[in-house]
Every structure is written in C-alpha cells, then in structure tokens.
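Given as structure tokens, the chain that follows is alone and in the form predicted alone.
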Amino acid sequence: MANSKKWGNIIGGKEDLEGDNHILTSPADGSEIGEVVYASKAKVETAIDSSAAAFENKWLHTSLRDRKSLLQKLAHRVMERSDEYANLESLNTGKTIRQSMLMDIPLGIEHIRYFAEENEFRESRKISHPEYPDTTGEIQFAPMGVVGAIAPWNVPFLMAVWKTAPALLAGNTVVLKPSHFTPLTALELGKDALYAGFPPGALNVVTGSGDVVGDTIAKSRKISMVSFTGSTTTGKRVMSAASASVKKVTLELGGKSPNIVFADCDIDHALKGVLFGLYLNSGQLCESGSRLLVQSSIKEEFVSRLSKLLEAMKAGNPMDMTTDVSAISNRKQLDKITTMVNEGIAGGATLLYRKEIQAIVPSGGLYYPPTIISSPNLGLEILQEEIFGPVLSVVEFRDEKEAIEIANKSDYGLAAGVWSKDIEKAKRVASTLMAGTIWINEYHLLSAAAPRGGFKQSGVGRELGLEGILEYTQTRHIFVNKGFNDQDTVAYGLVIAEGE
C-alpha cells in the first residue's frame, strides 16, 4: 500500500479509501509523501460498531493464550517490514532516520513482543473472605469492551503500539485514532494486524481531525474507555466529553520535566544524558528534560561544554543516516516554539546558545535550532510551560533541598532525571520528586515492563507494564458459597427471624 502513496482507514477488516483526501508533506524537506483519507463521523461510527461486534462475537471468546499468539505474529510481521516502517516514520514526522531505524521501530517491536510474552497478567485471582470462612471469592480482570485510543503526532508508531498491544492483550477491541499529521505507521500497523490474523474489527484505525474523529470516539456510548495522549488542554476536553457517558479515561499529558545535575556527577556522562534527554527528536517528546537544574558550582562549565556538544550535532536532511537534528513535525508546532522563545526573551530570559542550522537544513523543511536559555525568574512561561521543542531552560540551585523545591514547583509531573555518583542521595531525591518516571544517571530509556504516566497536570492512569495492562480491565468479584451454613443462618435471620 505504501507504494501507491494513498492510505485509507482500517475499518472492519478492510482498507476504506472513501472520504476526503488530504496530501501529506514531509516536514524533513517539504516533499509530498502521498494522500491520506480522513474519516467522517459516519465512518468513525462504523468503525466503532465493527469493534463492538468483534468484541461481542469473537474477541471476548478468544483465549489469553491465543491473543498473545496473535501479538507475537504481529511483532514478527512488523519486524519483516521494519525498514519500511522506519522510512515512513521519518518521512511523516521529520525525525532522523537513524532514530527511527535504531530506536523507535525496534523498540516498538520489542514492546509488542513484551505483551505477547509477559507472564504477570492474570485474568483472575482467588481470594478468601475473612468474615465468611465457608465461602471463596474470585476476582476477574474483565476487559472494558471497546477502547477508543487517541494518539499524538510525535512518536506515532510507539504510541500506536502502547495504545493497542496491552488493550488487545487484556481482551478489548480498539478503535485507534492516530494524529492526522502523522498517521502512516499506525495505519500500516492496522493492516499488519489483519495480516497476522486478528479478526476484522479487533483493531480499527481511523484518522482525521480531533473535532470529528476524536470527539466521536470520546462521546460514543459504545466505547467503554478512552486512552488519550497529548496536551493537557486537549486532555481536559477529552475527559469532559467522555464524562457524559461515564466512561473510563486515562490521560498521558504534558510535562516540564526537570533534569537535576549535581556537582558530584560524572560530568561527561551527564552532559550526554542531558543532551539526549532534550534534543532527541528535537525535544518533541512528552517526558523531555526541558528544565536543566544544575548545581551552581558547575553551571558555567556545564553550559559551556553542553553548547560545544550541540555545536557538534550535524544538521541536514533527517533522511540521511548521518544527520543528528530532527525536523519539527508540523508548522503549528514550529510557530508555537518560535512564539514562546521570542516572548521569553522579550520577558527577560537570556539566550545562552543557539545553533546555526538554517543554511544547512533542507529549505522546504520545518526546523528550529537547538537553543539554550536561562532566567532567574522562574515564573516566566517559557520556564513553566511545555515548549515541545529543542529549547533547554537552565536554572541553577545551591543544594539538594533547593533542587527538590525548584523541581516540584511545577503544575506538571511526568518525568525527571537525577545525575550524581552518590546513588543513595540520587534515590533519596528521586523519592521526593512528584513525577511518574525518574531516571538516575540516565534519561529517556523506556521499558515495556515499567509503567509510565504523570502526576498532577501530567495525567491520570498508566501505560505499559502490568499496571498499564490492568488499566484496560475492570474487576468483577464472584462470591461463591457452596451451601447453606451457619453464617447464612445469622445473616438471613436479620430479616427473617427464626420461628416466624
């Protein structure tokens, strides 16, 4: 399908090419990739109906073992096409082909395999009732039903995997909405799920605007749960729309994650980790370490050396394996980054470094230069709100106590990093940070076995790990009494006195 340069929606086991065609251009160089069909409200409703029928008639009766087997086949199929996936991912998003080939696509495949092979999830467990010793109980982790999954534009393949694999494993069917900016690898995943043997409707993929597709998913009474990843503002709208039908909602939202560098760190390691923590994918990752908190005694040296590392990053066409700097995935986001930085500098922030890339990157692409700013005014928007771009805000701290105070003085709590050779101190600091994922002497590395999600305005619920699987379930308690006993005599006697 990729060779025909037209992608339709995956509905009911078929690729649906009916609808409004929209041309996709690559943010890497402005070249035309092809056309994608936007789903209408009616098409989304058809997809939801298809997933509901698949759940009731087929998937609900498919064993956990068989569901895992299908996920294993899907992982194998994607592996066979991994180069195609990597090429599409970079063309569609503007991220470097090296990142797609060596990180995003291989990691996504490994995460599908994790859910195909993990042994922590059980569909039920036995309990005893201490108040009623003659009875037993069974707690079942039942699927929610049809899950509506709404994914963002920055890491479309990984997000498609994270939204679908655990939900399918837990016994749900899924209607996935990838971003209309970057839908291609998610649509390919939908086709490959069919190729692997998933029943029609188990995974439907529909793309288009949030106002049409996202709103229809959030409001549908046939959908039992919505899993959303994106901005905090949009997440609140999704939660509000979903509340009318009292459906479960999980949200992975924005962040302004602190990367805390103590003077006793391995400075060479920390420099590379801080650079990786923000400038990977040009900062377009929810948990990017966009706030550098560096101890006063090493601030000047650290920023100077970090600037030299940024100077060494190679700009160019992201489709070249030697390029280090990713494009910005869409014009709207580029404009937002530009506005926030300009307003921050006008408001008193100091520009410490800006890489010259304009003469090197493709003229038709969307790029923002790797940048470092600083300000003692922690109330500036650029130091408080998510930029989602290659802009690092530097703040210095004196001691451990002040580092923790600055790190936690944020509306967000998605992730954080701590850099120190004193592991006990690093763990102590990590245990006080209000964030869902905290790396010590590392950043950005994600395990499918570890739950990820946010504190505060960064969201509710978790993805990945056992906790992420359980989010896609609802508990059912079955109370078993094998026969009349003394406890029944006492209980029933509360309303039917003996002798009446």
Ligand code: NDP
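All residue numbers refer to positions in the sequence shown, first residue = 1. Predicted model only: the values in this text are computed from it and were never measured.
Keep in mind that the form predicted in complex with the named molecule is not shown, yet the notes after this line are about it.
Enquirer: Which one, 415 to 423, 196 to 204, 314 to 322, 221 to 229, holds residues whose non-hydrogen atoms are within 4.5 Å of the named molecule in the predicted bound form?
Expert: Answer to the contact question: 221 to 229.
Enquirer: So in the predicted bound form, is the named molecule close enough to W153 to count as touching (4.5 Å, heavy atoms)?
Expert: Yes, contact at 4.5 Å.
Enquirer: Please determine whether S179 contacts the named molecule in the predicted bound form, using a 4.5 Å cut-off between heavy atoms.
Expert: Answer yes; at least one heavy atom of S179 falls within 4.5 Å of the named molecule in the predicted bound form.
Enquirer: Would E386 show up as a contact with the named molecule in the predicted bound form if we use heavy atoms at 4.5 Å?
Expert: Because a heavy atom of E386 falls inside 4.5 Å of the named molecule in the predicted bound form, the answer is yes.
Enquirer: Determine whether any heavy atom of V238 comes within 4.5 Å of a heavy atom of the named molecule in the predicted bound form, and answer yes or no.
Expert: Flag for V238 set to yes.
Enquirer: Since exactly one of G365, G171, P369, G210 fits, which has a heavy atom within 4.5 Å of the named molecule in the predicted bound form?
Expert: Here the answer is residue option G210.
Enquirer: Identify, from the list K191, K248, R113, K336, the residue with a heavy atom within 4.5 Å of the named molecule in the predicted bound form.
Expert: Checking each option against the named molecule in the predicted bound form, the one that comes within 4.5 Å is K336.
Enquirer: Pick out the residues of 283 to 310 whose heavy atoms come within 4.5 Å of the named molecule in the predicted bound form.
Expert: The one in contact is C286.
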